[in-house]
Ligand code: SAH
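Quick heads-up: it's one chain on its own, the form predicted on its own, in structure tokens.
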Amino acid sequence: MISVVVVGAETPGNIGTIARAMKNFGVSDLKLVDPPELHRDGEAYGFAGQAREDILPNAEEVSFEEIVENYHTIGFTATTNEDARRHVRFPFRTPEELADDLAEIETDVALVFGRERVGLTNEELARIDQICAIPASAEYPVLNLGQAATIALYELRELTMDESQLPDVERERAIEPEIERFYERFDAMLGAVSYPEEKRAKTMRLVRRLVGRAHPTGREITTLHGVLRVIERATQERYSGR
């Protein structure tokens, strides 16, 4: 099971935002270390969306020691070290790499997020099992607490959600005859506009490779046919007017 732990949050709204992200991505166990007051009519519940009904009111207040003793811990930080000479924040994983790591183990996992201004301290990170950092601009790598948790939970969604809960994002590729008809039509258009004959074969090969990599949907191919239809009409009008 994956739990989310927020250490020393100062802003109730960030806790509400994290609870909402947990609801979005199939995580229900929220634990709070030294949290602020969370009032039912305050911003935590206002930001939590549907998580105000279950995740947020069921959040458990715990100590940092309890988390370290009972979970495989992942500490999130924006500030990392580049090599093993300073090992408190090194080595680290990105959330995508972390998803691969966690897929191979069966244990209770705690994703640990720190304070808005200073994050997790070096002393806390030294007691944590793995470090994770979200790649961001070197000029400003620090993410809002709620944003960081949302990104992490998104990357871990295949571990926290059943297949039935995951949206079907497979592309429905256009049928091959329609794609072939597009190639034929495109080639005919090149001829109609007096495209250099010596370049046509190479150009068609490049078009075929480009469209092949794109795996267009039926609607996309229909739209491309429509574009060619307009070009054909304009070409006919131009040449018939000579």
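In this text, residue numbers run from 1 along the sequence as written. The structure presented is a predicted model; accordingly, all values stated were derived computationally and were not measured.
Although not depicted, the form predicted together with the ligand is the subject of the following passage.
In the model of the complex, at least one heavy atom of Thr77 sits within 4.5 Å of a heavy atom of the ligand. The closest heavy atom approach of Arg115 to the ligand in the model of the complex falls within 4.5 Å. Although the partner is absent from this view, Leu143 contacts the ligand in the model of the complex, with a non-hydrogen atom inside 4.5 angstroms.
Although the partner is absent here, Cys132 sits close enough that one of its heavy atoms falls within 4.5 Å of the ligand in the model of the complex. Of the residues Ile128, Ala148, Val109, Leu156, just one reaches the ligand in the model of the complex with a heavy atom at 4.5 Å or closer; this is Ala148.
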